[in-house]
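Next up: a single chain in structure tokens, the form predicted alone.
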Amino acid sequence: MPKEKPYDISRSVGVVQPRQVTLDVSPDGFRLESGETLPEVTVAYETYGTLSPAKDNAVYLCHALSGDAHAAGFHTEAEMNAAKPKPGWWDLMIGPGKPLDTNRFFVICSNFLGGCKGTTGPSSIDPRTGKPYGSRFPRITVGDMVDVQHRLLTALGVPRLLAVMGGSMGGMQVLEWSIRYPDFVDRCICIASAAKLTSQALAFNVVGRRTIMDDPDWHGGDYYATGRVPAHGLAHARMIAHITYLSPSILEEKFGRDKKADSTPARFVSSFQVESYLAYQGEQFVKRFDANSYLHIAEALDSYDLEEKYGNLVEAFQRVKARYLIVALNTDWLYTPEQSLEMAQALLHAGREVSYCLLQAEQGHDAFLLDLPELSNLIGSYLRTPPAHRPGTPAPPPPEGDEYPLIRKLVAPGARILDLGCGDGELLAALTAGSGVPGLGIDIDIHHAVATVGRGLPVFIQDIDAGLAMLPDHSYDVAILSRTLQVVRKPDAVLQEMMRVARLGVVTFPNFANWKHRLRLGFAGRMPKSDGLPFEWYNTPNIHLATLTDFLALCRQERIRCTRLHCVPNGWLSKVFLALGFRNLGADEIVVMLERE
């Protein structure tokens, strides 16, 4: 395991003040989706940073099932100055110079409805009886939680959110925000989440809730006056849930089959270290959480299902106006990467602007709470950078290379552009800057994706050899495959897919038949190397080295028509060959426009 870094107080928000507000509700109370009402709703919240005079820098942070409003900083000087400070649950992300930079953004986080950290929940006093709600607390939904959050922001004088973000169950709240209040949110960041739980995740929750309700101290939810809490059941529910937050590999790395050396367990109680770890997690959870809150929140989590409510995800996302960043974790088996990809694909099919990034994180579901540089860079770039296509955005410096002016001539202003193998987004940014029309980059490399998001562009992490099934037919005007054809495994399939999703295609590739390459191979017996092919044979990413003649033959075979062709020379002799009509000898780089026959 990596060594724990010392706490950097210079980047902390410092001591923060927990706050509470009682919301204005109608005389009939706050109406829930179930039709029931709460006579009053109090919300606990914290803020970090300052709301700008224009009130345009607010970011709302949604927490997960067992989280609360204390996302960053400390509640006392003593906590901050402790030998091992324990700040809020996402302190890594919030503070001066951090992704949620409090010098730029006004960050709000509240304990959601049904919680037990200051917001109205089952342990709160029912003003109608003067006693805790207990079993009388009504059924709540994720939608109810978001409605309360919206009312909180209205009470705080926040007219609109620059972004709403959250992970796990917090991501479900993000989805609900974008659908319920589409005109209130500019950007959405949904991390390690889903539009509904899988049956496996439901099963874990079912067992967890049953352990609480089977605890004799639960008393049907009315245990507050007994002097006892269902600690046994709640601890075991937490132990069960905690297993799902970690990956198998991290459990193996942490514990393996290591045993406790200082005790002899009772019969059927294991001596393995992993049991001690889970027991500790359960014990600590009982100290800070209420069993009834756990039951109500888990029920809201289980019942969340956008497909059931709207028929399908595409229909649900037709209501969305915000830009989206969806982040998945490769070892997350609670909210799987496939579920995140499904949401991103549905947003694309709904015609919405979305980025999808799959991060490598060995820790499992809970990794989004840890120090993941790629996640920090993604979020920071996404929040800082305005959309590249926004009218008035100045064009960046054009990419280097002789082929860019030719591509620029082939792509009409305002075209919807798909850049396959977009790299760091340099070409796509130059082509879409200020156009008013968002493009989309696709790349397999997370570092390229981070760089592309940093240019204000949407990007999809996807292996284009696996196809472009997430994109509808004819959804783009132009698909660009620049210096990428030679690195894909299935050039014929990639060409077919790009011509399916776009009306026109632009392809650039190095020409293996250039006279310099022929001389090097023919006389020196060495594999070609040049500006277009700048690698040695043993470290090249190029899989297929094609000539102009090869490419034209492939296009004929695939019934793709080359409508414009440009040959880029690499010296005076190449220009001579081109002038004489020997294109295959003279061309160092090929730029071609394609149409479907």
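For every residue, the number given is its place in the sequence shown, counted from 1. Bear in mind that the values here come from a model prediction, so they are computed numbers and not experimental data. Rigid core (definition): largest C-alpha set, two forms, superposition within 1.5 Å.
Although not depicted, the form predicted together with a further copy of the same chain is the subject of the following passage.
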G525 near a further copy of the same chain in the predicted bound form, any heavy atom under 4.5 Å?
yes
With the cut-off set at 4.5 Å between non-hydrogen atoms, does P491 touch a further copy of the same chain in the predicted bound form?
yes
Mark P386 yes when one of its heavy atoms lies within 4.5 Å of a heavy atom of a further copy of the same chain in the predicted bound form, and no otherwise.
no
H517: touches a further copy of the same chain in the predicted bound form, heavy atom cutoff 4.5 angstroms
yes
The one residue among L370, A82, V207, V437 placing a heavy atom within 4.5 Å of a further copy of the same chain in the predicted bound form is V207
Single option in L278, A433, L162, L341 placed near a further copy of the same chain in the predicted bound form, where near means a heavy atom within 4.5 Å
L278
a further copy of the same chain in the predicted bound form: contacted by all of L202, S303 and T547, heavy atom 4.5 Å:
yes
In the predicted bound form, which of the stretches 233-241, 454-462, 91-99, 407-415 has residues with heavy atoms within 4.5 Å of a further copy of the same chain?
233-241
Once the core is aligned, does P541 move its Cα by at least 2 Å between the shown form and the other one?
yes
Superposing on the rigid core, does the Cα of A524 end up 2 Å or more away between the shown form and the other one?
yes
Superposing on the rigid core, do we see a C-alpha displacement of 2 Å or more at V13 between the shown form and the other one?
no
